[in-house]
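Shown next as structure tokens: one chain only, the form predicted on its own.
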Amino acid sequence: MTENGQRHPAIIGITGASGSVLARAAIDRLLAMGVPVIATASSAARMVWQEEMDESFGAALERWSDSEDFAYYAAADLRAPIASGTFPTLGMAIVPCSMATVAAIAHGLADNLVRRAADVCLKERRPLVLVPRETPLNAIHLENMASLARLGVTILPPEPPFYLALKTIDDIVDFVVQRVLAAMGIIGQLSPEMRYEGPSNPSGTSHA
């Protein structure tokens, strides 16, 4: 989407849940597609990233910053443009999304940039996708997510598509990222290899 020649960015928020690889893949995919990205990450997100990833968060920021389509704001920077509803965006995905962040958004707490940007998406009725990483879920988690779902938020757990018989974690990550972008309306549909096309033998007859 453009306005006066300006392409609207997608916001990627990163929080302290496990699954940093999902955030990296989402940003990589958007930039490869030519979609501008504004990212923000909590301090807990950076700690988890350090534990899970072979590329440091700082190195990833440097790599993404080689693109003129990328911008990053610290979670404490509430002066960032995405903290205002007057700044147009394509919406936001929080990937991965911690239960603390789910709870904060569900109760209107906007005490850092990740949460404030999500709150802006809610009040401006822009796409908001949360990729929660927690199991098992207790009643508080479920009630918070149900509350957000009733407001139009897409709750998208990173579930493997067992029916597609994907072979690697990278394949599953790619599937989840495509689902996130589709939920945001950035892509119209998943790539052919990530779509279920029905049984290979729909007639149910045997050729043996």
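So that there is no doubt, residue numbering starts at 1 and follows the sequence shown. The structure displayed is predicted, hence computed values, not measured ones.
What comes next is about the form predicted in complex with a small molecule, which does not appear here.
The partner is absent here, but in the predicted bound form a heavy atom of Glu51, alone among Glu68, Glu159, Glu62, Glu51, sits within 4.5 Å of the small molecule.
Residue in contact with the small molecule in the predicted bound form (any heavy atom within 4.5 Å), chosen from Leu22, Ile12, Ala17, Met184: Ala17. Only one of 39 to 47, 22 to 30, 53 to 61, 143 to 151 places residue heavy atoms within 4.5 angstroms of the small molecule in the predicted bound form, namely 39 to 47.
In the predicted bound form, Val120 stays away from the small molecule, with no heavy atom inside 4.5 Å.
Contact check for Leu109: no non-hydrogen atom falls within 4.5 Å of the small molecule in the predicted bound form.
Though the partner is left out of this view, Arg133 does reach within 4.5 Å of the small molecule in the predicted bound form, counting heavy atoms only. Shown alone here, Ala100 lies within 4.5 Å of the small molecule in the predicted bound form, counting heavy atoms only.
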